[in-house]
Ligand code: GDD
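What follows is a single chain, given as structure tokens, in the form predicted alone.
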Amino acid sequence: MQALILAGGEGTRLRPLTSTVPKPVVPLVDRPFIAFMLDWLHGHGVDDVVMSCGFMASGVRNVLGDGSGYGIRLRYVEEPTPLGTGGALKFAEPLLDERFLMLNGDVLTDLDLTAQLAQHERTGARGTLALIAVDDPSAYGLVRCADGGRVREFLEKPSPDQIDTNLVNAGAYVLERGVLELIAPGRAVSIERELFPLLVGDGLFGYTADGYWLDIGTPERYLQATFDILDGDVRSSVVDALDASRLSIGSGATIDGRVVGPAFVGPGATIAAGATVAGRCVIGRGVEIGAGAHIDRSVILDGAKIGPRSTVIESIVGPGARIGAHCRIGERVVLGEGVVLGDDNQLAAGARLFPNVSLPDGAIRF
């Protein structure tokens, strides 16, 4: 089975994490984010993946290679200009089989693709959209279906009185190659707003899925995805690496302080005496946590250093960042790669510092 993954966006909502790293390969727990999708696809029999890239495409290829490490064949297409979801699909047409999966590369999920494929075959559909129930559908486009799953209507940004279903598009489609004939080449096209409405009444079905589903396009959702992976709320191999204390400690890590599970501590990391890493944390490769520091519900990426008696709460510290002594970081703060904070700084309320920003001692308190 073949899959096309749309991974061409710049990830602007996830900056500054995506300022220096392509969104598909931003680290998530112990691997590039898109690796969760590749493992999920492989588990449902997908052995051929086409990655549709745009922004920093070479960075994606350099990390993922030919896919052999994930048990798949991985190929790449690079859009010369942004073409939208439908335009990207048309651009990849020369590599696509007669039937294929198409997936939004922003999503962490464990939906049952095998069941979706089975329904697609059973109904003889031209396209089958995975639909997922959400608590608040007002922020999404609703998909209204008739009995048997046939899609009858799309409704974008519904008002409260229009909400009669909580099913929204989950960004996972089974498509027959013939639908590409409906897409004009060489221009930006939205598959959701232009192609799918053309297929209403002409072989378009919805598959109501169960399971975990999260768009990780913002720092808040990135952290939520991290927590959910560590808690085992989404099916993945990560929890298999946790010991009885729900910890994974990398080779060469030195822990003189206290680590509470669930948590990942990368190879070569150092957690000094008196430091505490509370639950639901990821400590990257070679990270240094100073004496008396406190890290809680946070991600500290590779090579970062946290100074003595500093606190990081529900925040993301980018690779190679340096935080001095007696700093307080949280909540929902994001520090980009190479940021340097001197001693006695305080950041809160969703503050973001972009890569290589440097602040002296006591420069900021909010």
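Quick caveat, the model's predicted, so the values are computed rather than measured. In this text, residue numbers run from 1 along the sequence as written.
The following text describes the form predicted together with this ligand, which does not appear among the structures shown.
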| query | finding |
| --- | --- |
| Partner-proximal stretch of 82-90, 280-288, 198-206, 243-251 relative to this ligand in the model of the complex, 4.5 angstroms, heavy atom | 82-90 |
| Option touching this ligand, based on a heavy atom within 4.5 Å in the model of the complex, out of Y140, Y212, Y76, F227 | Y140 |
| Sole residue of T270, T165, Q119, N104 within 4.5 Å of this ligand in the model of the complex, by heavy atom | N104 |
| This ligand contact in the model of the complex: S310, any heavy atom under 4.5 Å | no |
| Residue contact check: R13 to this ligand in the model of the complex, 4.5 Å heavy atom | yes |
| A3: touches this ligand in the model of the complex, heavy atom cutoff 4.5 angstroms | no |
| 4.5 Å heavy atom contact, D97 and this ligand in the model of the complex | no |
